[in-house]
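In the C-alpha coordinates that follow, the same protein chain appears in two forms, which are kept apart as structure 1 and structure 2.
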Structure 1
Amino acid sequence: MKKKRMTHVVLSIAVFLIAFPLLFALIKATQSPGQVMSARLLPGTMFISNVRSIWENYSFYRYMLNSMKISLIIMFGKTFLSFFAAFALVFMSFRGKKVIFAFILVTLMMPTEMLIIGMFDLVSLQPPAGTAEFLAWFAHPLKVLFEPVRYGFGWTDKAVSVIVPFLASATGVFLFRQHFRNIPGSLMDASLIDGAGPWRFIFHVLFPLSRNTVGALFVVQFVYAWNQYLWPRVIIRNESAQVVQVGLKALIGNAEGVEWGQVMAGAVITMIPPLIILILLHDQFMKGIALSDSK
(Lines of atoms letter the chains of each structure in order from A and count residues from 1; the text may use other names and numbers.)
(Lines give C-alpha, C1' and ligand atoms only; values in the text may rest on other atoms or scores of the structure.)
Protein backbone atom coordinates (compact mmCIF):
# COMPACT_ATOMS: atom_id res chain seq x y z
CA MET A 1 0.00 0.00 0.00
CA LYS A 2 1.19 3.46 -0.88
CA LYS A 3 0.11 5.02 2.38
CA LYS A 4 1.95 2.43 4.39
CA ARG A 5 5.11 3.06 2.46
CA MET A 6 4.81 6.76 3.23
CA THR A 7 4.45 5.97 6.93
CA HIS A 8 7.57 3.82 6.80
CA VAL A 9 9.53 6.57 5.08
CA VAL A 10 8.46 9.27 7.55
CA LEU A 11 9.12 7.04 10.55
CA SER A 12 12.53 6.01 9.29
CA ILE A 13 13.52 9.63 8.86
CA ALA A 14 12.22 10.49 12.34
CA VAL A 15 14.04 7.57 13.92
CA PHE A 16 17.25 8.63 12.20
CA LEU A 17 16.90 12.27 13.30
CA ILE A 18 16.22 11.25 16.89
CA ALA A 19 19.23 8.95 16.91
CA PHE A 20 21.48 11.41 15.10
CA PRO A 21 23.02 13.24 18.09
CA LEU A 22 23.82 9.92 19.72
CA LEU A 23 25.24 8.38 16.53
CA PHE A 24 27.26 11.50 16.12
CA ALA A 25 28.62 11.21 19.66
CA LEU A 26 29.37 7.55 19.06
CA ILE A 27 31.34 8.28 15.89
CA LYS A 28 33.23 11.18 17.43
CA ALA A 29 34.10 8.98 20.39
CA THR A 30 36.09 6.75 18.05
CA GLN A 31 38.11 9.50 16.41
CA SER A 32 41.54 10.94 17.14
CA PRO A 33 41.79 14.51 18.50
CA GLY A 34 42.56 15.78 14.99
CA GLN A 35 39.62 14.06 13.34
CA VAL A 36 37.20 15.08 16.08
CA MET A 37 37.56 18.72 15.12
CA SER A 38 36.95 18.06 11.44
CA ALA A 39 33.63 17.57 9.68
CA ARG A 40 34.53 13.92 9.15
CA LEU A 41 31.67 11.58 10.05
CA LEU A 42 33.38 8.24 9.62
CA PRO A 43 34.30 6.05 12.58
CA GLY A 44 37.94 6.13 13.62
CA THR A 45 39.98 3.66 15.61
CA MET A 46 40.57 5.56 18.82
CA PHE A 47 37.55 4.44 20.86
CA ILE A 48 39.48 2.21 23.22
CA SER A 49 42.18 4.78 23.78
CA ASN A 50 39.61 7.53 24.37
CA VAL A 51 37.82 5.39 26.91
CA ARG A 52 41.08 4.43 28.55
CA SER A 53 42.14 8.03 29.04
CA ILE A 54 38.90 9.10 30.73
CA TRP A 55 39.00 5.89 32.74
CA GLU A 56 42.50 6.67 33.99
CA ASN A 57 42.83 10.45 33.92
CA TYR A 58 39.38 11.43 35.10
CA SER A 59 38.57 8.48 37.38
CA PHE A 60 35.55 7.89 35.21
CA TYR A 61 35.40 4.32 36.45
CA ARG A 62 34.85 5.64 39.98
CA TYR A 63 31.93 7.74 38.76
CA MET A 64 30.46 4.73 36.96
CA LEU A 65 30.96 2.50 39.98
CA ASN A 66 29.39 5.04 42.34
CA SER A 67 26.41 5.55 40.05
CA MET A 68 25.94 1.83 39.59
CA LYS A 69 25.96 1.15 43.31
CA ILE A 70 23.61 4.03 44.10
CA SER A 71 21.18 3.24 41.28
CA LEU A 72 20.91 -0.46 42.04
CA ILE A 73 20.29 0.14 45.73
CA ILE A 74 17.64 2.75 44.98
CA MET A 75 16.03 0.52 42.36
CA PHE A 76 15.72 -2.51 44.64
CA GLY A 77 15.04 -0.54 47.82
CA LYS A 78 12.35 1.65 46.33
CA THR A 79 10.55 -1.22 44.67
CA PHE A 80 10.72 -3.32 47.82
CA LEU A 81 9.47 -0.60 50.15
CA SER A 82 6.67 0.55 47.88
CA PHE A 83 5.52 -3.02 47.33
CA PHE A 84 4.95 -3.49 51.05
CA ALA A 85 3.47 -0.03 51.57
CA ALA A 86 0.97 -0.67 48.78
CA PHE A 87 0.24 -4.12 50.19
CA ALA A 88 -0.74 -2.59 53.52
CA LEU A 89 -2.90 -0.01 51.78
CA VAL A 90 -4.82 -2.51 49.67
CA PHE A 91 -4.90 -5.81 51.54
CA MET A 92 -4.85 -4.80 55.18
CA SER A 93 -7.35 -2.98 57.30
CA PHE A 94 -6.13 -0.48 59.84
CA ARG A 95 -7.18 2.85 61.25
CA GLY A 96 -6.11 6.06 59.58
CA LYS A 97 -5.67 4.55 56.13
CA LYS A 98 -7.10 7.59 54.37
CA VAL A 99 -4.77 9.98 56.17
CA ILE A 100 -1.76 7.81 55.39
CA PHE A 101 -2.78 7.59 51.78
CA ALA A 102 -3.12 11.38 51.54
CA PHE A 103 0.25 11.75 53.25
CA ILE A 104 1.86 9.69 50.49
CA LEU A 105 -0.23 11.26 47.73
CA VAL A 106 0.90 14.79 48.53
CA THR A 107 4.56 13.89 48.01
CA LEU A 108 3.85 13.35 44.32
CA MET A 109 4.04 17.11 43.98
CA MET A 110 7.29 17.50 45.93
CA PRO A 111 10.20 16.93 43.56
CA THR A 112 13.51 16.79 45.41
CA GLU A 113 15.02 19.45 43.18
CA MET A 114 12.64 21.94 44.77
CA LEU A 115 13.78 20.95 48.26
CA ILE A 116 17.57 21.08 47.89
CA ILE A 117 17.87 24.19 50.02
CA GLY A 118 15.81 22.69 52.84
CA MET A 119 17.59 19.35 52.56
CA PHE A 120 21.13 20.65 52.43
CA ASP A 121 21.65 21.46 56.12
CA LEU A 122 19.70 18.43 57.23
CA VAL A 123 21.93 16.08 55.28
CA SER A 124 25.26 17.87 55.56
CA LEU A 125 25.46 19.23 59.13
CA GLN A 126 27.25 17.11 61.73
CA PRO A 127 25.03 14.93 63.91
CA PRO A 128 24.80 15.63 67.65
CA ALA A 129 27.73 14.25 69.62
CA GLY A 130 25.62 11.90 71.69
CA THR A 131 22.13 10.89 72.63
CA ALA A 132 22.07 13.37 75.47
CA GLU A 133 22.89 16.25 73.17
CA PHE A 134 20.26 15.11 70.69
CA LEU A 135 17.60 14.78 73.34
CA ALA A 136 18.45 18.19 74.78
CA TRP A 137 17.73 19.65 71.34
CA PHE A 138 14.75 17.44 70.58
CA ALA A 139 13.14 18.24 73.93
CA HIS A 140 12.27 21.72 72.63
CA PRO A 141 9.76 21.01 69.88
CA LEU A 142 9.31 24.72 69.20
CA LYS A 143 13.01 25.12 68.44
CA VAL A 144 13.08 21.97 66.35
CA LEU A 145 10.17 23.22 64.28
CA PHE A 146 10.71 26.94 64.05
CA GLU A 147 14.46 27.31 63.86
CA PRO A 148 16.77 26.26 61.06
CA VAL A 149 17.83 22.70 61.79
CA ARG A 150 20.83 22.53 64.12
CA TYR A 151 22.02 18.97 63.50
CA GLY A 152 22.17 16.87 60.40
CA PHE A 153 23.18 13.42 59.31
CA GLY A 154 26.75 14.39 58.39
CA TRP A 155 26.47 12.64 55.04
CA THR A 156 28.39 15.05 52.81
CA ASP A 157 30.42 13.11 50.22
CA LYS A 158 28.87 9.83 51.27
CA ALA A 159 26.79 7.65 48.96
CA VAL A 160 24.00 7.42 51.54
CA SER A 161 23.27 11.12 50.97
CA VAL A 162 22.12 10.29 47.44
CA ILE A 163 20.45 7.00 48.38
CA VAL A 164 18.39 7.29 51.54
CA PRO A 165 16.31 10.37 50.61
CA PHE A 166 15.15 8.52 47.49
CA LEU A 167 14.15 5.21 49.02
CA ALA A 168 10.49 6.09 49.35
CA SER A 169 8.39 6.58 46.29
CA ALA A 170 4.84 7.77 45.84
CA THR A 171 5.02 6.66 42.21
CA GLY A 172 5.92 3.13 43.23
CA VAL A 173 3.21 2.93 45.87
CA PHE A 174 0.65 4.08 43.32
CA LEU A 175 1.70 1.73 40.59
CA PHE A 176 1.54 -1.24 42.97
CA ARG A 177 -1.71 -0.04 44.51
CA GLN A 178 -3.25 0.22 41.05
CA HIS A 179 -2.02 -3.23 40.16
CA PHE A 180 -3.17 -4.84 43.44
CA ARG A 181 -6.64 -3.38 43.09
CA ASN A 182 -7.00 -5.13 39.75
CA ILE A 183 -6.26 -8.50 41.31
CA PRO A 184 -9.51 -10.43 41.87
CA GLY A 185 -10.50 -10.55 45.54
CA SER A 186 -11.31 -14.23 45.15
CA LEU A 187 -7.60 -15.01 44.97
CA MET A 188 -7.05 -13.70 48.43
CA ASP A 189 -10.19 -15.41 49.71
CA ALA A 190 -8.93 -18.70 48.36
CA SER A 191 -5.62 -18.25 50.06
CA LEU A 192 -7.42 -17.35 53.29
CA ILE A 193 -9.46 -20.53 53.09
CA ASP A 194 -6.26 -22.50 52.63
CA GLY A 195 -5.23 -21.00 55.93
CA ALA A 196 -2.37 -19.03 54.39
CA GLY A 197 -1.27 -15.89 56.20
CA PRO A 198 -0.25 -12.62 54.54
CA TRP A 199 3.35 -13.78 54.02
CA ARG A 200 2.39 -16.83 52.04
CA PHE A 201 -0.09 -14.80 50.04
CA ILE A 202 2.64 -12.30 49.26
CA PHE A 203 5.25 -14.80 48.19
CA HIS A 204 3.12 -17.41 46.47
CA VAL A 205 0.40 -15.33 44.86
CA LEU A 206 1.29 -11.65 44.75
CA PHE A 207 4.94 -11.73 43.72
CA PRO A 208 4.42 -14.00 40.72
CA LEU A 209 1.49 -11.84 39.62
CA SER A 210 3.44 -8.60 39.88
CA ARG A 211 6.20 -9.26 37.37
CA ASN A 212 5.19 -6.52 34.95
CA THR A 213 4.75 -3.90 37.61
CA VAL A 214 8.07 -4.79 39.20
CA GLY A 215 9.77 -4.72 35.80
CA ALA A 216 8.27 -1.35 34.94
CA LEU A 217 9.31 0.08 38.29
CA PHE A 218 12.83 -1.28 37.93
CA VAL A 219 13.19 0.64 34.68
CA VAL A 220 11.61 3.83 36.01
CA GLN A 221 13.61 3.85 39.24
CA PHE A 222 16.93 2.82 37.77
CA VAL A 223 16.73 5.48 35.08
CA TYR A 224 15.61 8.05 37.63
CA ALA A 225 18.43 7.23 40.02
CA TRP A 226 21.05 6.96 37.30
CA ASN A 227 20.09 10.33 35.81
CA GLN A 228 20.13 12.27 39.09
CA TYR A 229 22.12 15.46 38.76
CA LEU A 230 21.22 18.50 40.84
CA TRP A 231 21.27 16.90 44.30
CA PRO A 232 24.59 15.04 43.92
CA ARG A 233 26.09 18.15 42.33
CA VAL A 234 25.23 20.07 45.49
CA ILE A 235 25.87 17.54 48.25
CA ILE A 236 28.92 15.72 46.89
CA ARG A 237 32.07 17.82 46.77
CA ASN A 238 34.64 15.05 46.70
CA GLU A 239 35.48 13.90 43.16
CA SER A 240 35.93 10.27 44.11
CA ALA A 241 32.41 10.06 45.54
CA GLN A 242 30.74 11.80 42.59
CA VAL A 243 28.12 10.25 40.29
CA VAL A 244 28.66 9.88 36.57
CA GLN A 245 26.20 12.53 35.38
CA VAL A 246 28.00 15.23 37.33
CA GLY A 247 31.28 13.63 36.32
CA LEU A 248 30.47 14.58 32.74
CA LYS A 249 30.69 18.19 33.80
CA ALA A 250 34.17 17.57 35.16
CA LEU A 251 35.16 16.17 31.75
CA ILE A 252 34.10 19.38 30.02
CA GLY A 253 35.25 21.41 33.01
CA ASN A 254 38.25 23.32 31.75
CA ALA A 255 36.72 24.60 28.51
CA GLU A 256 40.14 25.53 27.05
CA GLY A 257 41.61 22.24 26.04
CA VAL A 258 38.60 19.97 26.04
CA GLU A 259 39.29 16.64 24.39
CA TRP A 260 35.88 16.28 22.78
CA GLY A 261 36.53 12.76 21.58
CA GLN A 262 37.01 11.67 25.18
CA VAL A 263 34.00 13.66 26.34
CA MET A 264 31.81 11.98 23.73
CA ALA A 265 33.13 8.58 24.80
CA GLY A 266 32.10 9.51 28.35
CA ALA A 267 28.63 10.56 27.22
CA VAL A 268 28.13 7.33 25.29
CA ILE A 269 29.32 5.13 28.16
CA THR A 270 27.10 6.99 30.61
CA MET A 271 24.09 5.99 28.53
CA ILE A 272 24.83 2.28 28.38
CA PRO A 273 23.57 0.97 31.76
CA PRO A 274 20.09 2.57 31.64
CA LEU A 275 19.80 1.55 28.00
CA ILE A 276 20.56 -2.07 28.86
CA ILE A 277 17.95 -2.07 31.61
CA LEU A 278 15.40 -0.51 29.28
CA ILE A 279 16.03 -3.04 26.52
CA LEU A 280 16.07 -6.03 28.88
CA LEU A 281 12.84 -5.04 30.61
CA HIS A 282 11.21 -3.43 27.59
CA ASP A 283 8.17 -5.76 27.52
CA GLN A 284 7.38 -5.54 31.23
CA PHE A 285 7.97 -1.82 31.10
CA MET A 286 5.44 -1.25 28.31
CA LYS A 287 2.88 -3.54 29.96
CA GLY A 288 3.37 -1.92 33.34
CA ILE A 289 2.89 1.54 31.85
CA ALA A 290 -0.22 0.45 29.94
CA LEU A 291 -1.59 -0.80 33.25
CA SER A 292 -0.94 2.43 35.08
CA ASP A 293 -2.74 4.23 32.29
CA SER A 294 -6.05 2.45 32.87
CA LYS A 295 -6.56 4.54 35.98
Structure 2
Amino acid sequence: MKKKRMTHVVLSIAVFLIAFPLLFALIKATQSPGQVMSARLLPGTMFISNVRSIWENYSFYRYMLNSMKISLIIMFGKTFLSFFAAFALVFMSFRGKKVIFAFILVTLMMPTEMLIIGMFDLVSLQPPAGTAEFLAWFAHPLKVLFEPVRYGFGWTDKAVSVIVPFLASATGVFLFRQHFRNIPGSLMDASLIDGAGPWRFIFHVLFPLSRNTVGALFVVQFVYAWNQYLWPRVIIRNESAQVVQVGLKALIGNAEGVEWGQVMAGAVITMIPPLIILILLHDQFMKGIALSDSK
Protein backbone atom coordinates (compact mmCIF):
# COMPACT_ATOMS: atom_id res chain seq x y z
CA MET A 1 0.00 0.00 0.00
CA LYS A 2 2.81 2.43 0.88
CA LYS A 3 4.52 1.70 -2.42
CA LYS A 4 1.29 2.38 -4.30
CA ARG A 5 0.85 5.71 -2.49
CA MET A 6 4.38 6.76 -3.39
CA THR A 7 3.68 5.85 -7.01
CA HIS A 8 0.56 8.01 -7.00
CA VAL A 9 2.47 10.90 -5.42
CA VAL A 10 5.22 10.72 -8.01
CA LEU A 11 2.71 10.51 -10.88
CA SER A 12 0.70 13.43 -9.47
CA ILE A 13 3.82 15.58 -9.28
CA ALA A 14 4.75 14.62 -12.85
CA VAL A 15 1.26 15.52 -14.12
CA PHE A 16 1.38 18.86 -12.31
CA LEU A 17 4.78 19.74 -13.77
CA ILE A 18 3.63 18.85 -17.28
CA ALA A 19 0.35 20.77 -16.92
CA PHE A 20 1.84 23.79 -15.15
CA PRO A 21 2.63 25.82 -18.33
CA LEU A 22 -0.99 25.41 -19.44
CA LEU A 23 -2.32 26.38 -16.02
CA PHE A 24 0.05 29.36 -15.91
CA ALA A 25 -1.12 30.59 -19.34
CA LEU A 26 -4.76 30.13 -18.35
CA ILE A 27 -4.33 32.10 -15.11
CA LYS A 28 -2.39 34.93 -16.78
CA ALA A 29 -5.02 35.13 -19.54
CA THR A 30 -7.55 36.17 -16.89
CA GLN A 31 -5.42 38.93 -15.36
CA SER A 32 -5.22 42.66 -16.04
CA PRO A 33 -2.07 44.33 -17.47
CA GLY A 34 -1.05 45.35 -13.96
CA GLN A 35 -1.39 41.84 -12.57
CA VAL A 36 0.05 39.80 -15.44
CA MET A 37 3.65 40.98 -14.86
CA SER A 38 3.48 40.22 -11.14
CA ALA A 39 4.07 36.93 -9.35
CA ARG A 40 0.34 36.67 -8.62
CA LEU A 41 -1.00 33.22 -9.54
CA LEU A 42 -4.65 33.78 -8.71
CA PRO A 43 -7.26 34.01 -11.50
CA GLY A 44 -8.46 37.45 -12.48
CA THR A 45 -11.58 38.74 -14.22
CA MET A 46 -10.17 39.95 -17.56
CA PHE A 47 -10.37 36.78 -19.66
CA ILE A 48 -13.43 37.81 -21.68
CA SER A 49 -12.00 41.31 -22.13
CA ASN A 50 -8.65 39.96 -23.34
CA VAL A 51 -10.33 37.58 -25.77
CA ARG A 52 -12.60 40.32 -27.12
CA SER A 53 -9.59 42.60 -27.60
CA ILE A 54 -7.58 40.16 -29.73
CA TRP A 55 -10.74 39.11 -31.59
CA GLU A 56 -11.60 42.69 -32.58
CA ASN A 57 -8.27 44.54 -32.67
CA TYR A 58 -6.14 41.82 -34.26
CA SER A 59 -8.83 39.92 -36.22
CA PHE A 60 -7.69 36.76 -34.49
CA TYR A 61 -10.76 34.92 -35.74
CA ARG A 62 -9.35 35.21 -39.29
CA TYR A 63 -6.16 33.40 -38.30
CA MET A 64 -8.25 30.72 -36.58
CA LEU A 65 -10.41 30.20 -39.67
CA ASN A 66 -7.37 30.01 -41.96
CA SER A 67 -5.71 27.41 -39.74
CA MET A 68 -8.94 25.44 -39.36
CA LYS A 69 -9.43 25.22 -43.12
CA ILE A 70 -5.80 24.26 -43.79
CA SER A 71 -5.63 21.76 -40.92
CA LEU A 72 -8.85 19.95 -41.87
CA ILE A 73 -7.80 19.62 -45.52
CA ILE A 74 -4.34 18.33 -44.54
CA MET A 75 -5.88 15.96 -41.99
CA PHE A 76 -8.28 14.36 -44.49
CA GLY A 77 -5.86 14.55 -47.43
CA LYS A 78 -2.92 13.01 -45.60
CA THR A 79 -5.00 10.21 -44.13
CA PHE A 80 -6.65 9.45 -47.48
CA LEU A 81 -3.36 9.31 -49.39
CA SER A 82 -1.60 7.34 -46.65
CA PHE A 83 -4.45 4.81 -46.53
CA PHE A 84 -4.34 4.06 -50.25
CA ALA A 85 -0.54 4.11 -50.44
CA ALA A 86 -0.36 1.54 -47.64
CA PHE A 87 -3.10 -0.52 -49.31
CA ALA A 88 -1.02 -0.70 -52.48
CA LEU A 89 2.12 -1.65 -50.55
CA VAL A 90 0.40 -4.48 -48.67
CA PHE A 91 -2.39 -5.89 -50.83
CA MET A 92 -1.15 -5.20 -54.37
CA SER A 93 1.57 -7.20 -56.11
CA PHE A 94 4.16 -5.26 -58.11
CA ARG A 95 7.91 -5.05 -58.38
CA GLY A 96 9.90 -2.70 -56.18
CA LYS A 97 7.46 -2.49 -53.27
CA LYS A 98 10.23 -2.73 -50.69
CA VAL A 99 12.35 -0.14 -52.49
CA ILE A 100 9.42 2.29 -52.67
CA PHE A 101 8.64 1.77 -48.99
CA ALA A 102 12.32 2.35 -48.15
CA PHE A 103 12.24 5.68 -50.02
CA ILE A 104 9.08 6.63 -48.14
CA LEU A 105 10.80 5.95 -44.82
CA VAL A 106 13.84 7.99 -45.90
CA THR A 107 11.61 11.06 -46.13
CA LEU A 108 11.12 10.78 -42.35
CA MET A 109 14.74 11.89 -42.02
CA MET A 110 14.11 15.07 -44.04
CA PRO A 111 12.45 17.72 -41.86
CA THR A 112 10.82 20.81 -43.33
CA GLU A 113 13.79 22.96 -42.30
CA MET A 114 16.06 20.90 -44.56
CA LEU A 115 13.77 21.15 -47.60
CA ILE A 116 12.53 24.69 -47.11
CA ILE A 117 14.71 26.38 -49.75
CA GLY A 118 13.81 23.93 -52.49
CA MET A 119 10.14 23.98 -51.46
CA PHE A 120 10.11 27.77 -51.51
CA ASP A 121 11.51 27.90 -55.05
CA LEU A 122 9.13 25.24 -56.33
CA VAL A 123 6.06 26.81 -54.76
CA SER A 124 6.82 30.51 -55.30
CA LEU A 125 8.40 30.60 -58.80
CA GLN A 126 6.02 31.32 -61.64
CA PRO A 127 5.01 28.51 -64.02
CA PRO A 128 6.16 28.62 -67.67
CA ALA A 129 4.27 30.96 -69.97
CA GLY A 130 3.44 28.05 -72.25
CA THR A 131 4.31 24.52 -73.24
CA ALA A 132 6.87 25.73 -75.80
CA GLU A 133 8.85 27.61 -73.14
CA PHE A 134 8.91 24.58 -70.86
CA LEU A 135 9.97 22.22 -73.65
CA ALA A 136 12.74 24.63 -74.71
CA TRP A 137 14.14 24.47 -71.16
CA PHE A 138 13.60 20.73 -70.83
CA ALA A 139 15.38 20.04 -74.14
CA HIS A 140 18.71 21.18 -72.64
CA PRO A 141 19.93 18.52 -70.16
CA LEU A 142 22.56 20.85 -68.69
CA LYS A 143 19.93 23.46 -67.84
CA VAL A 144 17.75 20.82 -66.22
CA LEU A 145 20.75 19.48 -64.29
CA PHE A 146 22.08 22.80 -62.97
CA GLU A 147 18.75 24.60 -62.72
CA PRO A 148 16.25 21.88 -61.80
CA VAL A 149 13.77 24.29 -60.23
CA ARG A 150 13.44 26.72 -63.09
CA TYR A 151 9.66 26.93 -62.85
CA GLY A 152 7.23 26.64 -60.00
CA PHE A 153 3.53 26.84 -59.27
CA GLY A 154 3.17 30.52 -58.37
CA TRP A 155 1.26 29.78 -55.17
CA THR A 156 2.69 32.49 -52.91
CA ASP A 157 0.11 33.91 -50.46
CA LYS A 158 -2.33 31.10 -51.20
CA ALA A 159 -3.59 28.46 -48.81
CA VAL A 160 -2.70 25.76 -51.34
CA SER A 161 0.99 26.60 -50.80
CA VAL A 162 0.67 25.40 -47.19
CA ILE A 163 -1.58 22.44 -47.96
CA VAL A 164 -0.09 20.61 -50.95
CA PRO A 165 3.54 20.22 -49.72
CA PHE A 166 2.25 18.41 -46.61
CA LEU A 167 -0.31 16.05 -48.12
CA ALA A 168 2.20 13.18 -48.22
CA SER A 169 2.94 11.49 -44.89
CA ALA A 170 5.57 8.82 -44.39
CA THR A 171 4.34 8.37 -40.81
CA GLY A 172 0.80 7.73 -42.00
CA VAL A 173 1.92 5.23 -44.63
CA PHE A 174 4.03 3.40 -42.05
CA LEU A 175 1.21 3.16 -39.49
CA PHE A 176 -1.35 1.98 -42.04
CA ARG A 177 1.10 -0.51 -43.52
CA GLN A 178 1.82 -2.01 -40.09
CA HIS A 179 -1.90 -2.22 -39.40
CA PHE A 180 -2.75 -3.77 -42.78
CA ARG A 181 -0.06 -6.43 -42.35
CA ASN A 182 -2.01 -7.78 -39.38
CA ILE A 183 -5.12 -8.24 -41.52
CA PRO A 184 -5.17 -11.66 -43.23
CA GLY A 185 -4.74 -11.41 -46.98
CA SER A 186 -7.32 -14.16 -47.26
CA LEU A 187 -10.00 -11.56 -46.49
CA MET A 188 -9.31 -9.84 -49.80
CA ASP A 189 -9.19 -13.18 -51.60
CA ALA A 190 -12.54 -14.14 -50.11
CA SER A 191 -14.01 -10.78 -51.10
CA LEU A 192 -12.82 -11.22 -54.68
CA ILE A 193 -14.28 -14.74 -54.81
CA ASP A 194 -17.61 -13.37 -53.57
CA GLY A 195 -17.58 -10.86 -56.43
CA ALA A 196 -16.46 -7.78 -54.52
CA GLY A 197 -13.90 -5.64 -56.31
CA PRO A 198 -10.97 -3.83 -54.66
CA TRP A 199 -13.02 -0.68 -53.99
CA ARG A 200 -15.79 -2.62 -52.28
CA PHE A 201 -13.20 -4.49 -50.23
CA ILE A 202 -11.64 -1.18 -49.17
CA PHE A 203 -14.84 0.56 -48.10
CA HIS A 204 -16.80 -2.43 -46.72
CA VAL A 205 -14.05 -4.52 -45.14
CA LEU A 206 -10.73 -2.71 -44.80
CA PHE A 207 -11.96 0.72 -43.70
CA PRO A 208 -14.23 -0.60 -40.88
CA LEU A 209 -11.29 -2.64 -39.58
CA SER A 210 -9.06 0.46 -39.67
CA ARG A 211 -11.22 3.04 -37.91
CA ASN A 212 -8.94 3.24 -34.89
CA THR A 213 -5.86 3.83 -37.04
CA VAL A 214 -7.75 6.41 -39.11
CA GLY A 215 -8.82 8.22 -35.92
CA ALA A 216 -5.26 8.20 -34.61
CA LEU A 217 -3.97 9.66 -37.88
CA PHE A 218 -6.71 12.31 -37.82
CA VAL A 219 -5.50 13.52 -34.43
CA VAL A 220 -1.79 13.42 -35.28
CA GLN A 221 -2.15 15.15 -38.64
CA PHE A 222 -4.55 17.84 -37.39
CA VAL A 223 -2.24 18.79 -34.51
CA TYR A 224 0.77 18.78 -36.85
CA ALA A 225 -0.95 21.03 -39.39
CA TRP A 226 -2.40 23.31 -36.70
CA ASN A 227 1.03 23.93 -35.16
CA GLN A 228 2.78 24.89 -38.40
CA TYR A 229 4.76 28.10 -38.06
CA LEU A 230 7.99 28.20 -40.07
CA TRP A 231 6.69 27.29 -43.53
CA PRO A 232 3.60 29.58 -43.44
CA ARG A 233 5.81 32.38 -42.11
CA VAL A 234 8.10 31.97 -45.13
CA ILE A 235 5.64 31.40 -47.98
CA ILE A 236 2.68 33.60 -46.93
CA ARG A 237 3.31 37.33 -46.84
CA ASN A 238 -0.28 38.54 -46.79
CA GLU A 239 -1.33 38.83 -43.14
CA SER A 240 -4.98 38.12 -43.96
CA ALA A 241 -3.99 34.64 -45.23
CA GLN A 242 -1.74 33.73 -42.31
CA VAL A 243 -2.24 30.86 -39.87
CA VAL A 244 -2.95 31.11 -36.17
CA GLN A 245 0.59 30.33 -34.95
CA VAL A 246 1.93 33.29 -36.93
CA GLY A 247 -1.02 35.30 -35.67
CA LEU A 248 0.17 34.70 -32.11
CA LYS A 249 3.48 36.29 -33.07
CA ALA A 250 1.56 39.32 -34.32
CA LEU A 251 0.09 39.75 -30.83
CA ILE A 252 3.58 40.24 -29.44
CA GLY A 253 4.77 42.73 -32.05
CA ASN A 254 7.43 44.94 -30.54
CA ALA A 255 8.90 44.12 -27.16
CA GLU A 256 7.58 47.42 -25.76
CA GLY A 257 4.00 47.64 -24.61
CA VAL A 258 3.09 43.99 -25.11
CA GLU A 259 -0.24 43.04 -23.55
CA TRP A 260 0.83 39.68 -22.16
CA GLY A 261 -2.64 38.94 -20.84
CA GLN A 262 -3.95 39.13 -24.39
CA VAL A 263 -1.06 37.00 -25.64
CA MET A 264 -1.85 34.31 -23.07
CA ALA A 265 -5.56 34.51 -23.96
CA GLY A 266 -4.62 33.95 -27.61
CA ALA A 267 -2.45 30.98 -26.66
CA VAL A 268 -5.30 29.44 -24.66
CA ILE A 269 -7.80 29.90 -27.50
CA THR A 270 -5.32 28.37 -29.93
CA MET A 271 -5.28 25.16 -27.90
CA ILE A 272 -9.04 24.65 -28.13
CA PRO A 273 -9.48 23.14 -31.67
CA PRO A 274 -6.76 20.45 -31.25
CA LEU A 275 -8.17 19.68 -27.81
CA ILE A 276 -11.66 19.22 -29.26
CA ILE A 277 -10.32 16.88 -31.97
CA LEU A 278 -8.44 14.86 -29.34
CA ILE A 279 -11.52 14.59 -27.09
CA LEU A 280 -13.76 13.49 -29.98
CA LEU A 281 -11.27 10.89 -31.21
CA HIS A 282 -9.67 9.94 -27.92
CA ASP A 283 -10.70 6.28 -27.95
CA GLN A 284 -9.65 5.77 -31.56
CA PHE A 285 -6.39 7.61 -30.93
CA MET A 286 -5.44 5.47 -27.92
CA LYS A 287 -6.37 2.21 -29.66
CA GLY A 288 -4.91 3.13 -33.02
CA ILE A 289 -1.57 4.53 -31.90
CA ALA A 290 -0.78 1.68 -29.47
CA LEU A 291 1.26 -1.14 -31.00
CA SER A 292 0.43 -4.60 -29.79
CA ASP A 293 2.99 -7.38 -29.41
CA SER A 294 1.99 -8.80 -32.76
CA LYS A 295 2.84 -5.58 -34.57
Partner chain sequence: MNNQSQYKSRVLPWIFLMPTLLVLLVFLYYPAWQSIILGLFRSNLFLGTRQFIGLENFKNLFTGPLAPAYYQVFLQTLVFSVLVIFPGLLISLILAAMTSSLGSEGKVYRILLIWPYALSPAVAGTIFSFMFNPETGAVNTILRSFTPFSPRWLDHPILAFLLVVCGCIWKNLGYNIVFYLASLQNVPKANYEAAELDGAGMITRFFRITMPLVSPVTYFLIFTNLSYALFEAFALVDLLTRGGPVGAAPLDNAGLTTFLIYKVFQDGFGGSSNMGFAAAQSVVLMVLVALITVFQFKVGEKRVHYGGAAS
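Bear in mind that the values here come from a model prediction, so they are computed numbers and not experimental data. Counting starts at 1 and follows the sequence of structure 1. We call the rigid core whatever largest set of C-alpha positions still superposes within 1.5 Å between the two forms.
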Pick one: which structure is the form predicted on its own?
2
Does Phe134 move its CA by 2 angstroms or more between structures 1 and 2 when the core is aligned?
yes
